[in-house]
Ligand code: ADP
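We begin with a single chain expressed as structure tokens, specifically the form predicted on its own.
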């Protein structure tokens, strides 16, 4: 009767929690007794005992009740190992028993990089440069139906890729604690693969990485050129996609721009949603500073912040968010130590080195990207061979701004525009110089783009 009752409950639990969660957490349970209103289960490890007790005990109790058992409470017990007579210990018995991936998680094998508690969606400041990346990350984290897999986030240093990766993992664990989410860097993936090869445990490695519900790999560009690691990553990627598991990847550039990354991996990565986190604009930088300053006001009681300081920092420090936040941290700490109000003068003195290093250096690539966005054309067309008016005119504007706003020579600019001759750049610059006075709309576009690039 007991086994039949548990069998009925198991059937319903499989439907309720899903096939993957059932295989990881319910199937390994062994019902040892059902008496006096208590159902007792043997579980393989302390880790599994704690996890199942916290996340599934009430569901198990209800399904046992529905199956006809009188159950008031559920207990999970890790049985003590029975001593084996020394004379009967064989060579095979000396080897540890092969545990399930869920059981081996207790030993830390499935543990990836530590998540930063500060990096949540609540602490992520959304602006135009990152709103699409934020929306896509939110959609994945909420766990509903998603039409893309993988999600590929890319952008320069300090633009929020890692913050969004951590936020996704935090949100998933909060909403669906039964999910097995593994977050790690590409470097850690490579290290663990090499270690598995060295220890002749490659099948264990494969089993572990294919048992997760969500795989998140940060800075995937680091596996480029590592042939064996790329091979394993490719097969892991395919295996998880075939099982409808979720994959989130980040890198410092788009898949197609990662040198020495295998074409088949680039192709797989481009099959999902590829989202660029653009460099921060003035409004986003100011929003980040305002949020951070509000936090510090609570930490540094009585410290005054003069008007205009945050606006000054948002305008001057444009490199990346990490530098921006670090500057504000230093400023508050310094003002607290010397007991002074945070004024513009104090900020200039305290942050002189950061301000010097952050003097605006506009790049040709930045100009090309901004002009492409403004005129709603593809960046590839900007540097490509097409000569239609809708593409040629924005291209000439980008050439003009590159000549005016950078120190690059005409041949260097030509190389950045698809290998064009310097005379082509000269012609483009001359055309825009002439049209700025005769075409008011074009003049306004050029001036607006200049202000956007300088902000």
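Just so it is clear, the model here is predicted, and its values are computed rather than measured. Positions refer to the first chain, counted from 1.
Another form, the form predicted together with the ligand, is not on view; read the next lines as being about it.
Contact annotation: the ligand lies within 4.5 Å of heavy atoms from the stretch 115-123 in the predicted complex, the single such stretch among 195-203, 295-303, 115-123, 308-316.
Contact between residue 284 and the ligand in the predicted complex is found at the 4.5 Å heavy atom cutoff. For the chain shown alone, residue 137 is not a contact residue for the ligand in the predicted complex, no non-hydrogen atom being within 4.5 angstroms. Contact annotation for residue 246: none of its heavy atoms lies within 4.5 Å of the ligand in the predicted complex. Although the partner is absent here, residue 158 is a contact residue: one of its heavy atoms lies within 4.5 angstroms of the ligand in the predicted complex. Checked against the ligand in the predicted complex, the candidates 188, 343, 162, 229 yield a single residue with a heavy atom inside 4.5 Å, and that residue is 162. Of the candidates 217, 321, 169, 371, 321 is the one whose heavy atoms come within 4.5 Å of the ligand in the predicted complex; the others do not.
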